[in-house]
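Given as structure tokens, the chain that follows is alone and in the form predicted alone.
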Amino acid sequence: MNTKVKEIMNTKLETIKPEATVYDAIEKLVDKRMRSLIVIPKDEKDVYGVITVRDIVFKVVAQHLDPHKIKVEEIASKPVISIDKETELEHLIKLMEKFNIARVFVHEGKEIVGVVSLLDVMSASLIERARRG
């Protein structure tokens, strides 16, 4: 498989500010039917983070915390694991396995431009097999 990450990445990304509440994140995730949001850096020295449905369920809901009182930055993961858009898909798969993660963000320079999930990888594999016959 000589597929590049840029060929299968999903460019539909949603962001949230670090000072937003977890409740704001829940509303956005439910409204957009997404599983994660990019947490934008606070300033030039900061890095991108990510908040996922999993973070919210295990760090807020399961702990019986009030999502109106918890800020996104308190539970977001930083830095995001990202990969250059020109990277081969095989390397991406090894990265997902090594870190036991379901999605990897894609960067171009310092900007996050996409995301690749396990489902995207599986779909690309099926498409490639179909092309080979």
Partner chain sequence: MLNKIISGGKLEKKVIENIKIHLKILCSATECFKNAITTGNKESTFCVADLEREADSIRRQIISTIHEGAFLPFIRPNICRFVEMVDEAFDILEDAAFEFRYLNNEIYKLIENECAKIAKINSEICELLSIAFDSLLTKGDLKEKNLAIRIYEKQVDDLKFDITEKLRKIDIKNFWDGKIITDFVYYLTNLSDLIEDASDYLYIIEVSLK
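In this text the structure is predicted, and so the values were computed from the model without any measurement. Numbering follows the first chain given and starts at 1.
Just so you know, the form predicted together with its partner chain exists too; it's not on screen, but the next bit is about it.
Among heavy atoms of residue 31, some come within 4.5 Å of its partner chain in the predicted bound form.
Remark: residue 110 does not count among the residues lining its partner chain in the predicted bound form, judged by a heavy atom distance of 4.5 Å or less.
Put simply, residue 123 is close to its partner chain in the predicted bound form: some heavy atom of it is within 4.5 Å. Partner contacts here mean any heavy atom within 4.5 Å of its partner chain in the predicted bound form, and among 66-74, 86-94, 52-60, 32-40 they occur only in 32-40. Contact check at 4.5 Å (heavy atoms) against its partner chain in the predicted bound form: none of 4, 78 and 80 pass. Residues of 4-29 lying near its partner chain in the predicted bound form, listed in sequence order, are 11, 12, the criterion being any heavy atom within 4.5 Å.
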